[in-house]
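A single chain comes next, written as structure tokens; it is the form predicted alone.
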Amino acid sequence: MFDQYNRNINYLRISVTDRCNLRCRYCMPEEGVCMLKHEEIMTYEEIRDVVSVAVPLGVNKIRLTGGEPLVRKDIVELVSMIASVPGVKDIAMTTNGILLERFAAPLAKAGLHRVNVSLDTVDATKFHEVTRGGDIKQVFRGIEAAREAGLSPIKVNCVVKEDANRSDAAEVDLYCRENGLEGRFIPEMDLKTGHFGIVQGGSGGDCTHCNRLRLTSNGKMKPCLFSDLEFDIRELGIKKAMEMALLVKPEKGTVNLSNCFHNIGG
């Protein structure tokens, strides 16, 4: 399906939870955030139904995000449900990697094709500081488990602050090259000010070639990360919400004052 700027929209990013087992400084405040009530979160059946409607409209790529998707109970079952929908060609997941060692093999068996792992530094002390308590060894083991499970490609997402952690990014780049991983270097974004840039090693941030819609964990279809526009699949119906999001998908991002990274899956 094509938007008004003739971009082929074939990619749906689905946030499955607003919960996370880390508190990264650029994503969540230290004191935590107000979480959605459990009954507000989409059920797996609802997510499968969204995918089933989206595929005939032209979507063939699905990415599961969070929060942290691996903290959602029975996440492997959701991957299996999505993989069973005819026409889904690619299922990916973005994760912080903390639980990946445990889940990589069953996820691959269920139908997950590839994974992006967030990693802003390879220094254990800095990682602990940035994530407010994370153990980088768990991430390294998770990446190795993903490799052994046959998930491919394995991409590493590294957020780069302006002139702040360039040396960390260089070390992440070296780690990726030495271990056969694909590094993606993401300029630190700010939803409220509309600050974003094109991802080095990826297509994110390039509005002229954007091919995605987004679904929040409580069922709001969004045409753009940097936009307050959203359409409730429960109120409007899945197809109508998608059509409305497609119709108003902006030429480029502006600002998002109503969402946070932890509930939209940056």
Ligand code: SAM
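Residue positions are given as counts along the sequence shown, with the first one as 1. Fair warning: this is a prediction, and the values are worked out from it, not measured in the lab.
In what follows, reference is made to the form predicted in complex with the named molecule, a form of this protein that is not presented.
With the partner omitted from this view, the residue of V122, L151, V85, M189 that lies near the named molecule in the predicted complex is M189 [heavy atom within 4.5 Å]. Put simply, of A145, A108, M81, V159 only one has a heavy atom within 4.5 Å of the named molecule in the predicted complex, and it is V159. Proximity of S217 to the named molecule in the predicted complex falls outside the 4.5 Å heavy atom cutoff. In the predicted complex, C27 approaches the named molecule with a heavy atom inside 4.5 Å. Of the candidate stretches 40 to 48, 232 to 240, 64 to 72, 204 to 212, only 64 to 72 contains residues with a heavy atom within 4.5 Å of the named molecule in the predicted complex. Within 4.5 angstroms of the named molecule in the predicted complex, the stretch 204 to 232 places no non-hydrogen atom at all.
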